[in-house]
Structures are given as C-alpha cells and as structure tokens.
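Before any questions on how it binds or moves, here is one chain, the form predicted alone, in structure tokens.
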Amino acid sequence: MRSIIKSVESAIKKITTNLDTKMVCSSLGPVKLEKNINMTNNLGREILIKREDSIDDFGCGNKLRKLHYILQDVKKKKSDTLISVGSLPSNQCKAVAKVACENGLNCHLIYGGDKQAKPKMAQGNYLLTTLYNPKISWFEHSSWIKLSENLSKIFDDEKNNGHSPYIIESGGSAGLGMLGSIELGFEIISQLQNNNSKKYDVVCAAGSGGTAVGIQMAAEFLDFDLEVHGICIGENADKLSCKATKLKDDTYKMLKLDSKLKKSINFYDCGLGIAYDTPSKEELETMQYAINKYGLIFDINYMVKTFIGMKYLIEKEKIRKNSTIILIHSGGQIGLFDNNDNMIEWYCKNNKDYVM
C-alpha cells in the first residue's frame, strides 16, 4: 500500500514542482471522521460523517481542498485575479472570494442562472461573499451555457485592463482541483485503518462529480474496499456519469498514470427534488429534522438532498449490506441563511408569529 501511495505522491509532486507550497488557502489538517450515534440508531446502519463542514468558520468545506492546489498554480502562473462563476447561494464563489482576499489577489465573480436575479438584500453565502469586496457581474436569468460565454468575456476584459486573470470553473474540480478530492480519499482511508469494518460505502453530493471521482480514485490506488455513491444535485445521473468519466480520464492523464478504475461510480437522481435552489416541503422538514435529531446543519441545496438520497439508498438496499456508510458533509452550512422564497414561506407557515 505504501508503495502505491508513494507513486501517487510522486506523480502529484511532479505536477506541483515549482509551485509555491507556502501559498495556502486555509490551515487544512485532518478533518474529523466521527460516528453519529443518533443517525446510526435511526437508520439502522453504522454511519460515520466526514466533517468537511468544520474545515473553516465560513462553511467553505471541501472547496478549500481543491482551491489549495489551484492557488499554487495561480502563483506559478503569476496571475493576480481569480474569476469564478455561480448562482446566488454559491459556496464556491464565497470560497474563491475568501482565498483571493487571504492571498492578496483580485477577485471577479459572475452570478446568474435560469431563475436567478440580483437580490435586493444580501443574505447567507452571498452576504459573506460580498463582504470580501470582490468585483461582481450579474447576468440575470441566464443559462449556464450563456454564463460560460460570459466567463470568457470577463476573462478578456480583465486581461485588457492589464490584469493576469485565472478562471476557476464551476465546481473547482477540473485539473489541479482534483488533487484535493484525491487527498480527501486518502485521508478518509487512513482514518479507517483501525475500524473493524471490512467494507465501506461513501455517500456524497455530486454537483460536478469531482469529489466522488477523487475518493474512488484514492480507493483504487490503495486497493481499498470502498464504493462511492454520488447524489445528483443539479444534473441527471446519465449526464453526470459521462462528465465524471471524462474527469477521471483527464485526471489520470494529468498524473501520467494508467487508468485503473475497476468500479464505476454510482450516481443517483433520487435527491434532485423540484430543482436546484428550490427546496421542497420535504427538504425543508429534513433540514429541521437534521438539526433537531443529529445536531447538524445541512444546507438546502446540497446536504439536504444528499441526506435524503442516502436514506433512499438505504431503504432500497442500493448500499451493500453490513458495510459502514460514510456521509461526506461537504460544508456550505451558511447556505441555510440564503435568500429563498420557498424557505421563508415554509418558515412563516410553521411559525405564526412571523409573516412574509
């Protein structure tokens, strides 16, 4: 096992040669992997929670693992402006604004989406993001394809204004960002060495699919009996599976290693709900339930959907019997306080002292 780890570490070291390892986005130490007794008793399966939500006080979570490697490349290329894109509750935009500020870089964020409009008042993740004073460009009611086009336009504008911009794609999973997800997989496996279970099933949110791919790659590198289940957040399972396959192949090429993934990653549509950033009554009730029963804050875009998906997989026996389940709490808990009409309406109906 150590020889495999060394070969992967050596490949990563070659990629990151001449990168400034002193340039970090956070103090990333081992993050707790803890058993949630109430959840274990309630769902009838041993469940460990990887507390990526505890990486920092701003709820950036595992986005910081990816940005740790991306930022080193930023330094190597002598870029001075980070550009990224997201919708109103974007956790990534917040994380990019945070690390840009910490590292003395400019930041230009693009916001939009099919149903997205600039809010009259900043709340939640958007409020925290704006407090870092990034430059913000809004493209209201724009499709993601259109936003990608605007991303290129903003890049050209920044370059024409004398800056050296660097684009961080949505999800932060492409390229060096994948090293953060592989690192997460290694960390989880190292924490399981003294666990009595012989097989493990990981459940994680799947937006870009990068976290699921990285964890699965780590398990394959170490020949560790671990299966990964990604709960789709925005796209359907078929589309995300295609993206994940390409992401995996591109990462192996980047590492200059032969692809060895024997197991396919399982992606599921069961947590999609009504739509992204449109929480249903069930999702909002689940959010409150998680706080009351498990002492956990699950944001209504990612973690609530992931938890509902995990429950579905357990009930339908999609997860192997007698395995230990690891739920990745990816962070984003500040999203609980985002602008959201569905949540406000639901809250007011359940708390008669408040009106919309």
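Keep in mind the model is a prediction, meaning the values are calculated, not measured. Each residue number is its position in the shown sequence, starting from 1.
Omitted from view is the form predicted together with a small molecule, to which the following refers.
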If we test each of Gln216, Ser173, Thr129, Ser84 for a heavy atom within 4.5 Å of the small molecule in the predicted bound form, the one that passes is Ser173
* To do: Could you confirm whether Gly331 comes within 4.5 Å of the small molecule in the predicted bound form, counting heavy atoms only?
  => yes
> Taking 4.5 angstroms as the cut-off for heavy atoms, does Ala205 touch the small molecule in the predicted bound form?
Replying inline: yes
task: Classify Gly210 as contacting or not contacting the small molecule in the predicted bound form by the rule of any non-hydrogen atom within 4.5 angstroms, answering yes or no.
output: yes
- Query: Counting only non-hydrogen atoms and a 4.5 angstroms cut-off, does Lys305 reach the small molecule in the predicted bound form?
  - Reply: no
Given 56-64, 290-298, 311-319, 38-46, the stretch touching the small molecule in the predicted bound form at heavy atoms within 4.5 Å is 56-64
